[in-house]
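Form predicted alone, single chain, as structure tokens, below.
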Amino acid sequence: MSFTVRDLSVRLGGVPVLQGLDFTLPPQGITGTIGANGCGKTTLLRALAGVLPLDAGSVQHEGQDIAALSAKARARRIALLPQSGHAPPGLTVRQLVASGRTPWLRPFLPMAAADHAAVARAMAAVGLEDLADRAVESLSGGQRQRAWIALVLAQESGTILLDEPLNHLDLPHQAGLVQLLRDLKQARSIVMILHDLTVAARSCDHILALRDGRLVASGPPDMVLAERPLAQTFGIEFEVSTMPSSGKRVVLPEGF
């Protein structure tokens, strides 16, 4: 399993945010994390990455407690893309993406050929080769989002955590990113926060549903993205249907 989580609880500022979470995630594939705003999704991703102290419980990654790993060891295993990143003024796309190689660099030595190749592959994967020498601050919101995704890809970690990666992307680039993640999932575990439940139904292999810091459901999309679990997760009714032409699922709140 990529993650084994037992009795996970997290407090922020003394306030309980996650309470008693228990689940395991498969070693490959895409896990979608869903729930209303403020339910603890981002806190969960940060706890999985090992960048938050736990109030109780444990998080194991591939059989090792992440609390026992150094920051460098965690970064080689797990790449985390926050909801919004900030690049220093004047930093180019190539320089930003190259920072993803930091966990693999030896002290006081420059990047090797393999590091430069990883950066080039990451920029090509998100279609930013032609913008490599542009300042990140000069890019559109969607281009900046793709640059940050390239940074995570350049890190070449076996597990990728993405906090709302489809934000700021237009529909063609959303579709392109989802396809890229589908290609990557053959050799990686990907956990991402999603708000579009139809995208979750069509792209994810596993779903975690949270409400008020507690786990409502964990399992395959057909089980979790059903009317009753969704109503328990969001507190409203949903309609789940299948397109007759393609057999693909559509998930919408009732009334849409």
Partner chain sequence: MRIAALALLTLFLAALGLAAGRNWLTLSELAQALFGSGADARMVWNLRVPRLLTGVIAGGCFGLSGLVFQSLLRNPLASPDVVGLSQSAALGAVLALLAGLPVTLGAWAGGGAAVLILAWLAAHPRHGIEPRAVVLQGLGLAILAGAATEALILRASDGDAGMVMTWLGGTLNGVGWPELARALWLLPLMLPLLLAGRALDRLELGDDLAHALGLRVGALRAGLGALAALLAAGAVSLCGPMAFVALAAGPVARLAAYGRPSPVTAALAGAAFITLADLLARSFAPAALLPTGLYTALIGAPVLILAVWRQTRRDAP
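The model shown is predicted, which means the values in this text are computed figures rather than measured ones. Here, rigid core means the biggest group of C-alpha atoms that superpose within 1.5 Å across both forms. Numbering follows the first chain given and starts at 1.
What comes next is about the form predicted together with the partner chain, which is not displayed.
**Q** Is residue 12 part of the interface with the partner chain in the predicted bound form - any heavy atom within 4.5 Å?
**A** Yes - in the predicted bound form, heavy atoms of residue 12 and the partner chain come within 4.5 Å of each other.
**Q** Heavy atoms within 4.5 Å of the partner chain in the predicted bound form: does residue 165 have any?
**A** Residue-level check for residue 165: no, no contact with the partner chain.
**Q** Looking in the predicted bound form, any heavy atom of residue 21 within 4.5 Å of the partner chain?
**A** Contact check for residue 21: no, nothing within 4.5 Å of the partner chain in the predicted bound form.
**Q** Is it the case that residue 214, even though its partner is missing from this view, gets within 4.5 Å of the partner chain in the predicted bound form, heavy atoms only?
**A** Answer no; every heavy atom of residue 214 is more than 4.5 Å from the partner chain in the predicted bound form.
**Q** Judged by heavy atoms and a 4.5 Å cut-off, are 86, 91 and 151 together in contact with the partner chain in the predicted bound form?
**A** The answer is yes: all three residues contact the partner (heavy atom, 4.5 Å cut-off).
**Q** For the interface check, one of 49-57, 202-210, 220-228, 183-191 should have non-hydrogen atoms within 4.5 Å of the partner chain in the predicted bound form; which one?
**A** Answer to the contact question: 49-57.
**Q** What is the one choice in 119, 75, 169, 126 with a heavy atom within 4.5 Å of the partner chain in the predicted bound form?
**A** Answer to the contact question: 75.
**Q** Report the residue, out of 160, 177, 131, 98, that has at least one non-hydrogen atom within 4.5 angstroms of the partner chain in the predicted bound form.
**A** If I apply the 4.5 Å criterion carefully, the residue I get is 98.
**Q** Note that the partner chain is not shown here; using its position in the predicted bound form, name the residues of 235-255 with a heavy atom within 4.5 Å of it, in sequence order.
**A** Sequence-ordered list is empty.
**Q** Taking 2 Å as the cut-off, check whether the CA of residue 109 shifts that much or more between this form and the one not shown after a rigid core fit.
**A** Result for residue 109: yes, a 2 Å-plus shift.
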